[in-house]
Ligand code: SAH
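Presented below, as structure tokens, is a lone chain in the form predicted alone.
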């Protein structure tokens, strides 16, 4: 049976996943807790990614080397870059780029040296299945979220987007930074701090990878300040519901 790796960016998301796994067992490797169990009849290993590209790449490498996962799914929050990627929407990556990779003039900006590419594509079938699951979940937010959260975060008509996500080792939270990224990477839908590194590791090992991110803010000066509440009451619940929907129909 295939083993599925699930990396969560936030403690709240991981806790929600573990609550759905009735028989998880902790295995500690590289100062990380990996939770081995089952979910909807599938063998699953769940782990907190940690923050930043290097930490997430280490976590992914252990998942692939030690636990031999056959597919890896990353869930978390991200800042919206494209005008239509609004708070409460979900972005399923079709590809990822490290926005802070610049080895010019030896290599073009964003290209990862010795790979001959800047963009690391996700697995099409896996990503499409997760996008379908996300669409099902977002079609009725009230089934998964509290009425107060829906009202406070204006989540009446959340949408699913598919496209480019960019990653870098800095938290983008100003309008100047956001506009600079939109100018240099106009196709980018969202920005976060881990996904492109994990995608690179998965390419190295030939393992299918997908990333699902809930837009928590607009990555600018107007970003809402109650980030922890959003993760707790929106992003973690979306992640749980999307993964559950996907696994039930896998």
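Residue numbers count along the first chain shown, from 1. These figures come from a predicted structure and were not determined experimentally.
There is also a form predicted in complex with the named molecule; it is not shown, and the following applies to it.
Only one segment in the set 115-123, 70-78, 153-161, 134-142 has residues whose heavy atoms sit within 4.5 Å of the named molecule in the predicted bound form; it is 70-78.
Put simply, residue 107 is far from the named molecule in the predicted bound form: not one heavy atom of it is within 4.5 Å.
Remark: residue 191 counts among the residues lining the named molecule in the predicted bound form, judged by a heavy atom distance of 4.5 Å or less. Contact check for residue 27: no non-hydrogen atom falls within 4.5 Å of the named molecule in the predicted bound form. In the predicted bound form, at least one heavy atom of residue 216 sits within 4.5 Å of the named molecule.
Contacts of stretch 39-76 with the named molecule in the predicted bound form, defined by any heavy atom lying within 4.5 Å, are made by 51 alone.
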